[in-house]
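The data below hold one chain only, encoded as structure tokens and taken in the form predicted alone.
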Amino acid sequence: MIKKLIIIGIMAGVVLIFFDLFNAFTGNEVLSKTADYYARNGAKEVGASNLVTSIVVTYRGFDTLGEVTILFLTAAIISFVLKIREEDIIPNRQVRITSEILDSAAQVIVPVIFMVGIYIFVNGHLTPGGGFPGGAVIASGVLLMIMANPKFGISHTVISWVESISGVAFVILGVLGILFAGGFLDNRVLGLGDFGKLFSAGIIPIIYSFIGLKVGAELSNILGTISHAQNEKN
């Protein structure tokens, strides 16, 4: 009884706190100094139609670098924790047979998912999207492949190469911004091109492509590690 009363009291306190926050909330009527600068000068300086996501890889490039690093560390930690020895793997483990519908659908849908993921990060400077959502879409295709075929194996060597090349290329592009433009990940290393066109916004499409490949590889590595761990003996 006392435990229930304590829980009810905590819930009531949380509700009261959120009610007070919502009741006292007032939206910003004017942009902050930084946001106002982005709004006034972003399109001209960055040359991207989708200014919101383009800010992430230009003005706030260090934030993106940190996010990619965190995702890499997460994938590395999961791989380390779930790492199993070869002698602990059941070679002929019985797995649940998937339906023919799922297997056939995966063969048709997975290539489409990969194409959509690539489209999202290649066109991230023009339409909503970018490297992170594009990479996540690609990883969802890998997940569908695993669901359709539980014995599907992901080449960790290929994943590692994709991760490494994408990460190094991302940093190199950032350094090129320092050497040939105005700062780290400055997209004006290349010409801004025609506003609204595919080949525009400098190196932002290239940056998004490498981010998308890296994110997709890291998330796929997590999925592959979890799937591989299912072969462990009980």
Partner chain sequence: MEYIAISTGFALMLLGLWGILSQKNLIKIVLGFTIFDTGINIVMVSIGYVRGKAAPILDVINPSEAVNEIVDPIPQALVLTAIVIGLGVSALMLVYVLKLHREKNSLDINSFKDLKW
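Please read these numbers as outputs of a predicted model, since none were measured by experiment. Numbering follows the first chain given and starts at 1. Here the rigid core means the biggest group of C-alpha atoms that line up within 1.5 Å when the two forms are laid on top of each other.
This next part talks about the form predicted together with its partner chain, which is not shown.
Can you pick the stretch from 162 to 170, 198 to 206, 175 to 183, 46 to 54 whose heavy atoms fall within 4.5 Å of its partner chain in the model of the complex?
Of the options, only 46 to 54 has residues within 4.5 Å of the partner.
At 4.5 Å between heavy atoms, is L31 in contact with its partner chain in the model of the complex?
Judged by the heavy-atom cut-off of 4.5 Å, L31 is in contact with its partner chain in the model of the complex.
Quick one: does L126 come within 4.5 Å of its partner chain in the model of the complex, counting heavy atoms only?
Close contact exists here: in the model of the complex, L126 approaches its partner chain to within 4.5 Å, heavy atoms only.
I'd like to know whether D36 contacts its partner chain in the model of the complex, with contact meaning heavy atoms within 4.5 angstroms.
Within the cut-off, so yes.
Could you tell me if I78 has a non-hydrogen atom within 4.5 Å of its partner chain in the model of the complex?
Flag for I78 set to yes.
Given a 4.5 Å distance limit between heavy atoms, list every residue of 1 to 15 close to its partner chain in the model of the complex, or none if there are none.
Result: K3, K4, I7, I10, M11, V14, V15.
Establish whether a shift of 2 Å or more occurs at the C-alpha of V30 between the shown form and the other one, with the two forms superposed on the rigid core.
Yes, the C-alpha moves 2 Å or more.
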